[in-house]
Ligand code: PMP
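The data below hold one chain only, encoded as structure tokens and taken in the form predicted alone.
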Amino acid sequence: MSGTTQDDYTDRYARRVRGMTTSEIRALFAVASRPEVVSLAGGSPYIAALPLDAVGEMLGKLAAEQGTTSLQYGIGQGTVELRERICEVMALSGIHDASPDDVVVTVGGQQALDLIARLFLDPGDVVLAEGPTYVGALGVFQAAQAQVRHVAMDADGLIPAALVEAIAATGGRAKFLYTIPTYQNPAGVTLSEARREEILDICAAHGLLVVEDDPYGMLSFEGDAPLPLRARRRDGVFYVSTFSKTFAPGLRVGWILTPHAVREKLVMASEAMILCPSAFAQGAVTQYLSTMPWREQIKVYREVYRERRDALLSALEDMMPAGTSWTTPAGGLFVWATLPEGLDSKAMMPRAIAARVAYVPGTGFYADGVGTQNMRLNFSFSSPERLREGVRRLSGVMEQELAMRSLFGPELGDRRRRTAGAADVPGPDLA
């Protein structure tokens, strides 16, 4: 079939694939990685904060001294040694009753979500999720042919009354609630202490499972984070986390703490998908947790990210046009901004890239296409100086957009902006 095009395969795709679309974040990577572009887009940790020489020496010793096992196949659930270390990590967050037997090691948090979706979602099933929510989770649920119904949030996180309404609107058909209660991605808000118990009570009363995604809980800037949902309730809660934000995303090591009755099914699903997680990556994380001052390293990350958050918030306060608002995260990696009335973050993107600044339009974090007035801004990767320069460029683009709408009116202004943007930005980078 030489010389075939995409159209030649369209009718052959499985139904679950036909609706898949490109992630708005992944589509930005080619542009945002250019050195001249200030990226406020992705969610990359600042890996340079690690003691890279020591990490490199550790990895070399792992290969030299344990190569016969670390470079070999492993078991589907993950090594006992790593699962024991993971329980120690979770204890720092307040989860003291975890057993290594109930931990399933995954290829990052993304595979953890995919495994849960494979276990519980049939085509047409309903998932409840915060609005906005993590774009990677939306991709998983979309691939499972599930429907995502968003539940509203405010500054204190998921709104309990909105959850009750969403459950009622689905006729009790929702399979689970997917939530990032602590330093939420993308909104940066945290579910309040009082609401955590209320949300759990609501889910228990309606027989709704809870999938708690907690990649950012250790990255707190203002005291300790609230206890995870899993630290409060054991039954019906799947706790997902990863070492991507607290150690190294390139190793792709995450985990699920699962109710014991489900553990075996999760392991079987993982074996069917990947056979076993990387033994070398698991060995690297195990060695890191066993031999290096990882608790001190988390403190380093907290200080670095707090400084960068403050730099971003200060720049937004100084330079954003009137009518712009944003969240103030107490941890994590992201700020969620709301644009002045009439601006469209997705339509504005070509002009922003032409001005050499990148962000993620809010539409990528909703299943239903809303979010045009929002954008996600990352502060973990760029230096404070670069963050301020990025905001300067972004505010300039927004001022131009507002001026254009004032001069030409919304409809003509949008048409002129799209024409100018299309000439400035090469298409493939934003596909």
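Position 1 is the first residue in the sequence shown; the rest follow in order. These figures come from a predicted structure and were not determined experimentally.
Missing here is the form predicted in complex with the ligand; even so, the following discussion is about that form.
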Practice task
Decide whether Thr170 counts as a contact residue for the ligand in the model of the complex under a heavy atom distance cut-off of 4.5 Å.
Solution key: no
Practice task
Could you confirm whether Leu115 comes within 4.5 Å of the ligand in the model of the complex, counting heavy atoms only?
Solution key: no
Problem - Exercise: Thr242 in contact with the ligand in the model of the complex, heavy atom 4.5 Å - result: yes
Practice task
Evaluate Ala352 for contact with the ligand in the model of the complex, applying a 4.5 angstroms cut-off between non-hydrogen atoms, and reply yes or no.
Solution key: no
Fill in the blank from the handout: Among Tyr216, Tyr359, Phe238, Tyr288, just one has a heavy atom within 4.5 Å of the ligand in the model of the complex, namely Tyr216
Completion exercise
None of Pro160, Gly108, Gly131, Gly139 but one has a heavy atom within 4.5 Å of the ligand in the model of the complex; the exception is Gly108
Practice task
Sort through 87-95, 290-298, 71-79, 180-188 and report the only stretch with a non-hydrogen atom within 4.5 Å of the ligand in the model of the complex.
Solution key: 180-188
